[in-house]
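The chain below stands alone, shown as structure tokens; this is the form predicted on its own.
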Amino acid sequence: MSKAWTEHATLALGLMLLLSAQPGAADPAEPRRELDLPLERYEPHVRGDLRLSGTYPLWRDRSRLDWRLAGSPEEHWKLNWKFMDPPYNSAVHGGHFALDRGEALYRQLDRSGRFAACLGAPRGRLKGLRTRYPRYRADLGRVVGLEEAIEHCAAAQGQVLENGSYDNSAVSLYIASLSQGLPIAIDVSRGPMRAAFERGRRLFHTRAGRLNFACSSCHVRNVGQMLRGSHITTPYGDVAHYPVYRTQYMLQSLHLRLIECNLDAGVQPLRPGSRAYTDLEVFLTALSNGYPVSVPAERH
């Protein structure tokens, strides 16, 4: 080993030790995280969109939508189309077939009533169940979304319904359909749900991937702008139509949609049911509080 190489190595090691001793020096074991600042203070209710885009009065009451906006390519985004992309045919689409499949699977799983009870619906009372997920499950020791609960409760019956699979999403869609028109209502004011909401808020503003984008880069900073031929809408009211039938991807749960967004932005995706995705689900669901469940929905 040459003397010059030894001197360079010693100098490099000294610099590393000096930097690590500086106040606030980054832990090399921790990945660098750049935030899209400032972090917004989101109200956990759809009316919070009043401050973000100002379009909330145009779409808060679906029985009084201004359909003139629907016919305008430049303005239809102001109706916050989350449950139907134009042109939309409510008579029949792939989501209806998924709904039928989900009902058949649910009835098979719940012959004894244990599946419903495991989900948190004793005596099979599914109405309103969708509006209360994600939720903290003491038996699991963590916050879970409805699809994760379906996977867990199916496994207790000896069946595999993997989170993110078509059949899991179909069961979730059937359960959601029994809360049709009821407002999302999760409580993120305290405890593990509050912690998950705050983690999700931070993740929503965390830049990552090849494009160095955060969710907020588009859905806060560029609301109303065009992206790949469509207008960017706000995150408010988004979750109330999931699982959704996507004409190019079949049935899509919220976690699969997050995976799609990650791939589009050049970010390494995670598995459905991962804590990061569940935290984002809690955050986004809270921003749909007060908005009615609308399934089966179709988007392009």
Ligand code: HEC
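Residues carry their position along the shown sequence, with the first being 1. Here the structure is a predicted model, which means the values were calculated and not measured.
Below, we turn to the form predicted in complex with this ligand, even though it does not appear here.
- Distance criterion of 4.5 Å from any heavy atom to this ligand in the predicted bound form singles out S230 from the list S230, Q180, S189, Q108.
- None of W81, F115, F197, Y174 but one reaches within 4.5 angstroms of this ligand in the predicted bound form through a heavy atom, and that residue is W81.
- Shown alone, this chain has one stretch from 138-146, 166-174, 152-160, 219-227 that lies within 4.5 Å of this ligand in the predicted bound form by heavy atoms: 219-227.
- At the 4.5 Å threshold, heavy atoms of D238 reach this ligand in the predicted bound form.
- Although the partner is absent here, L284 sits close enough that one of its heavy atoms falls within 4.5 Å of this ligand in the predicted bound form.
- Residue contact check for L254: one or more of its heavy atoms lie within 4.5 Å of this ligand in the predicted bound form.
- When this ligand is considered in the predicted bound form, S53 lies well away from it, no heavy atom lying within 4.5 Å.
- For the three residues F97, T247 and M250, a heavy atom within 4.5 Å of this ligand turns up in the predicted bound form in no case.
- The partner is not shown here, but in the predicted bound form the stretch 187-222 reaches within 4.5 angstroms of this ligand through a heavy atom at F204, F213, A214, C215, C218, H219.
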